[in-house]
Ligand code: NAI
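Read the single chain below, which is given as structure tokens and is the form predicted alone.
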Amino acid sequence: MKVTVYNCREFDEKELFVKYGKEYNIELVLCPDAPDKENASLAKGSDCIDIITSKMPADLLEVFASYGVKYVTTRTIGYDHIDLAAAKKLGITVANAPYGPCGVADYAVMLILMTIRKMKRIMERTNIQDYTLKGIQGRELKDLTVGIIGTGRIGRTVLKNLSGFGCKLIAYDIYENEEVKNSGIPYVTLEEMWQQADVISLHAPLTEDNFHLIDENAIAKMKNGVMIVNTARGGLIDSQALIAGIESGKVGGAGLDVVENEFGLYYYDHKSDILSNRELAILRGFPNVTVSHHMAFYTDECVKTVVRDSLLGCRLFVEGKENPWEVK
């Protein structure tokens, strides 16, 4: 069997693809670029293609289908970048490659701590040998209420990680989890979340129903000085509303590993370019906003897991065996 791999990174993924390709007896075509209509021909003769967070709209899926592709796997947990309806119509199976929750959960806690301790400002001052204290007085987690939105594997791990800090924890999910309930952490409504939380950390998948979950109205209901952390999906937050909230002081700080409209920007070198994402440029400029480039997942364990499982899923699909990574 043959698999065409797109967005294959030379420095960390290529060696693993070669290793697992041999292990699973898969012929590989490795392409460093994102999939597009020009390089789709590389997939001719491949039942499967392997991608990351590149957009896969209907017209691009049609091109791949014309080359005989029947299976698209993404080396990510989320799959909102793939047009699922179009894939189904074209007879293409979509799969993801979930990794362990610890990497993102660790990163989320790090961003929470950095945000409440004003670490961006501290580091910027230290870099220019400004050792003054004015404006960098932080807060302690034990004095705060932290709200977790989304209590899947990652959200639950964040709750466990935070339990040792002595902060009050509350949670929201449309599907309440018994493990969370049994731990004594209360589920609240969104209205209660906005009213009670000093820090809000997002761990929900992006759907049509929760697009711009945090918008102007939600921010208006939040505590003054609320701090928002997002390691999930950028579309959960209305960037314009967040910018307005920061400028007014309503939002006291933010830690953002993801932002709206990041596709085509992240994972590429744009240091000599004018950013096409105006909101990202503005957010990066605030002294109380830490922005990283969708890399909370990025650990040794994660890279190994997503390469291995994405290829194993391809193998199982071609062999017609049960595949735990198929998106239903």
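Note that the coordinates shown come from a computational prediction; the quantities given were computed from them, not determined experimentally. Position 1 is the first residue in the sequence shown; the rest follow in order.
There is another form of the same protein, the form predicted in complex with the ligand; it is not shown, and what comes next is about it.
Ile149 is the sole member of Val146, Ala95, Ile149, Ile214 with a non-hydrogen atom within 4.5 Å of the ligand in the predicted bound form. Comment: the ligand is not present in this chain, but in the predicted bound form one of Ile174, Ile136, Leu113, Val188 has a heavy atom within 4.5 Å of it, namely Ile174. Although the partner is absent here, Phe64 lies well away from the ligand in the predicted bound form, with no heavy atom inside 4.5 Å.
In the predicted bound form, the ligand sits beyond 4.5 Å of every heavy atom of Val69. Residue contact check for His81: none of its heavy atoms lie within 4.5 Å of the ligand in the predicted bound form. The closest non-hydrogen atom of Asn210 lies within 4.5 Å of the ligand in the predicted bound form. The stretch in contact with the ligand in the predicted bound form, judged by heavy atoms within 4.5 Å, is 251-259, chosen from 137-145, 219-227, 118-126, 251-259. Contact residues in stretch 228-264 (any heavy atom within 4.5 Å of the ligand, taken in the predicted bound form) are Thr231, Ala232, Arg233, Asp257, Val258.
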